[in-house]
Structures are given as structure tokens and as C-alpha cells.
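Below you will find one chain, with nothing else, as C-alpha cells; this is the form predicted on its own, and questions on how it binds or moves follow later.
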């Protein structure tokens, strides 16, 4: 199949805090349909978009939210992908076995089939982000998923801080790096600290684009979501979903409040051109990097 010179992408920045999963699902489905109507061939949703970010506290009853893959959500998004003839990236709380759960991103091909899954590898355990209580680290590795629109280097949220993850996806042939995300501010932090955190988040991902010569697609949620345990004031998700090209140049960026679909045309030839100018992969000294597999060099 001959690929078009550009790929039209739809990136959905939405609130996900409604306690009724059906309403969150309806919001995502309407955004997917709107993006497809605008010509998107690939649509990306935020991390765990079917409901509130439940990891703000540790509650074993919340494991009831997990679902099988394949299962009801992959069936629904697969049918939608087939109907609209697009590729959809969704993010689910996976129930693999009793007491064994993953934070899993799924890719639905435009023929409705499940093209592949990625299980989040880096699992945080910070105030308001108690993910280690719920999620087992992924065991599928850093393997891009081949689709009709390109090979997707799919990573999830906390993964986006690790250059090793981005590099391994690039070395395995990813055409794009995609980061479904749920990240925001602690309302007790100062405005200055919030600004530093946001710019660090953007900067590190732009660095992955530059270092690997690949477009980076980062999709975050918006809105305030309370901590139902009452231990904190909740999280203000900071949005700022964005797409950058292989030199880290912004192709589009949302703000911290607006619900919107970012529509971006990605030039498929730019990575080839940039990698010829900046041949970082050629000049890597792989024989000298063995210590990267150590936790720390004493």
C-alpha cells in the first residue's frame, strides 16, 4: 500500500472526570466522530479516558473498574474504527487476571481489529498518583505497533520522562512517538512551581523528538478532579496537549483549559530529512553504553 505524503491526526483533549463512565465514553466517541469528519486517519485519546483518574487514593474496590482486553471497550472502539475507517488509540484499565491489572493502551485498526497493545512500563508512586497500588509494570516491552497509517511507538504518561523508552521505540522502527497522558498540578504548589513542572514536561518530550528525529504526539486530559479520599485537594489536569515535529517544532498545542480536537497534518518525509542532517542514530557509540543497564554506577 502506498502511503500518502502526510498523515492527518486528531488529538482529543477532553475532561474525563464525570463519575458516569457512559458520559465519558460518549464524549470520547463524539470527539472521534468529529475528528474523522475533519479528515483524521489517526485519533488519539488521553490516558484512562473512560473515567476519573482513580489513582489519587488506594482503594481495592476501584479494581472493579478494570476490564478484559479484548473486551467491551475494544469491541466498541473497534466497531467505530471500522465504521469510520480510521485508526484509534484508546487507553484502558486492563484486568488480566484476578489481582493482576495493567494500564494499557490499545490500537484499533481501521478494519476494526485490535492491532496491538502496550502495557505501561514505568509506574509512578507519588502523592496523588498511587499507580503502583493498581498497575503491574508492563511486560510487552518497547515494541511499536504496525498499522495502516504507520508504525506507532506507543508509550503512556510516566513513560514520557524516560529517554530510554523513546530511544528503544525509535530503534525498533517507530514512525511516531505517542503519549496518552493524565498529568496535572497539585493545587498546593505555587504558581512558579506549577510553571516549572509544565515546562519540564513539554521540554523533555520535545527532547525525545529531537534526539530521535520523530514526531511526538502527547494527549492529556483537562479539568479539576477531586481526591475522593479527602486527603488532598485533588488534581488540576493541565491539558497542554501538543504535537511536535522531528526537530521539536510545535505543530499545534492546546492550552490548560480548552476542550478541543487538535488537527495536525504530519509530513511523513520530515523524519528522513532531519535524520540525514542530524544523524544521531549513526553516531551512537553503542559499544560504550553498557552501563545503562545498571541501576547506578557506584
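Every value quoted in this text rests on a predicted model; they were computed, and no experiment measured them. Numbering follows the first chain given and starts at 1.
There is another form of this protein, the form predicted together with a further copy of the same chain, and it is not shown here; the text below is about that form.
With the partner removed from view, the residue among 92, 149, 80, 121 that has a non-hydrogen atom within 4.5 Å of a further copy of the same chain in the model of the complex turns out to be 121.
Contact annotation: of the candidates 111, 188, 193, 75, the single residue with a non-hydrogen atom within 4.5 angstroms of a further copy of the same chain in the model of the complex is 193. Checking 103-111, 215-223, 83-91, 162-170 against a further copy of the same chain in the model of the complex, the stretch whose residues place heavy atoms within 4.5 Å of it is 162-170. Although the partner is absent here, residue 206 lies within 4.5 Å of a further copy of the same chain in the model of the complex, judged by heavy atoms. By the criterion of a heavy atom within 4.5 Å, residue 270 is counted among the residues contacting a further copy of the same chain in the model of the complex.
The closest non-hydrogen atom of residue 137 lies within 4.5 Å of a further copy of the same chain in the model of the complex. Contact annotation: residue 96 falls outside 4.5 Å of a further copy of the same chain in the model of the complex, judged by heavy atom distances. Three-residue candidate spot 8, 64 and 237; no residue lies within 4.5 angstroms of a further copy of the same chain in the model of the complex by any non-hydrogen atom.
Along 266-298, a non-hydrogen atom within 4.5 Å of a further copy of the same chain in the model of the complex is carried by 270, 277, 278, 279, 280, 281, 282, 283, 284, 285, 286, 288, 289, 290, 291, 292, 293, 294, 295, 296, 297, in order along the sequence.
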